[in-house]
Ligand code: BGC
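In structure tokens, one chain follows: the form predicted on its own.
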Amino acid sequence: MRKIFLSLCLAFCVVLSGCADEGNSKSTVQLLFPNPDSGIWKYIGQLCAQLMREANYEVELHHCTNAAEQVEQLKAAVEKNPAAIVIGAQDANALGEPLTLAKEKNIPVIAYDRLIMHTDAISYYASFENNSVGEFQARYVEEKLGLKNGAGPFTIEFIAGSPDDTNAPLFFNGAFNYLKPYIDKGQLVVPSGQKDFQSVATDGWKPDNAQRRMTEILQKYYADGKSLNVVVAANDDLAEALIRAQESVGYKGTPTILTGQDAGANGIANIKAGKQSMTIYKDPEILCGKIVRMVKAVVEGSQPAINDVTNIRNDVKTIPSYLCIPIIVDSTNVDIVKDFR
């Protein structure tokens, strides 16, 4: 089924963008992505590389294990003077220097999913509507708990992503700001008092860090049978960390609602097992297909299709962007998710 979808996607790209000209038939595109041990990033890298090659580009694909390694990869990529560079940033704040070199060489740079900060060298940005990720999680909580009808009080805690990922505050703010009126009314209560991004952030998105924090919270605020009703976890790995924390302290029961994101293998398994309520699915085939069309446009000297020219700013300039819409997945539609393992 995926092969059929990819074939249709590529055919659609050709209709929209036309074929590359003869002189550019084998232009090189450099792809730089994070963590090769992550199932989703490994899949994204392979998928983007496949689509680029099928669109008649030479591709060099790189994964890094840390920010310093990605900086060196980017410097080497710039030296090769490629037709374009696509970057999924390991650390969105660490790439300014080598990107300055890319700008000096007039190399188009497209940020994939994570907005790269503190530089004017980014040509375009493609991602999902990341405020919507958190808002969709919050809307799910609102609906399932009947908050609009005045239900409550319910206890709630938040597990946010890493401070070095520019998406992480967007996810948290989207969820927290939507639920804040219910917190202010007392329908949602945060026993830990941890209600700002810095307090609930998880360095490096590492589940062990989240598990330690949630273990402390459970021991301090949810002893003696006190129920934890809702946990808004920024992704599936952090939701899994909450499950492990509950098991480590012998917490009885499952939160009424446990959110996630990425629709990874663990998240889907936990949804099927009734341990996690929902996840947010950001289909890589949609975003990688968009990246291919962007690359074709910039290489051919035309303007890529974008749908946001005002809202995405990286502290230096507003970045022309294309934002896709994510999908809520729970037990009712879990079978739409592809396996990234």
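Please read these numbers as outputs of a predicted model, since none were measured by experiment. Note that residue numbering begins at 1 and tracks the sequence as displayed.
There is also a form predicted in complex with the ligand; it is not shown, and the following applies to it.
Within 4.5 Å of the ligand in the predicted bound form, a heavy atom is found for all three of 41, 113 and 235. Using a 4.5 angstroms threshold between heavy atoms, residue 119 stays clear of the ligand in the predicted bound form. The ligand is not shown here, but in the predicted bound form it comes within 4.5 Å of a heavy atom of residue 261. At the 4.5 Å threshold, heavy atoms of residue 240 stay clear of the ligand in the predicted bound form, well away from it. Shown alone here, residue 182 lies farther than 4.5 Å from the ligand in the predicted bound form, counting heavy atoms only. For the ligand in the predicted bound form, the listed stretch (243-251, 166-174, 215-223, 73-81) containing residues with heavy atoms inside 4.5 Å is 166-174.
When the ligand is considered in the predicted bound form, only one residue from 205, 136, 124, 158 comes within 4.5 Å through any heavy atom, namely 205.
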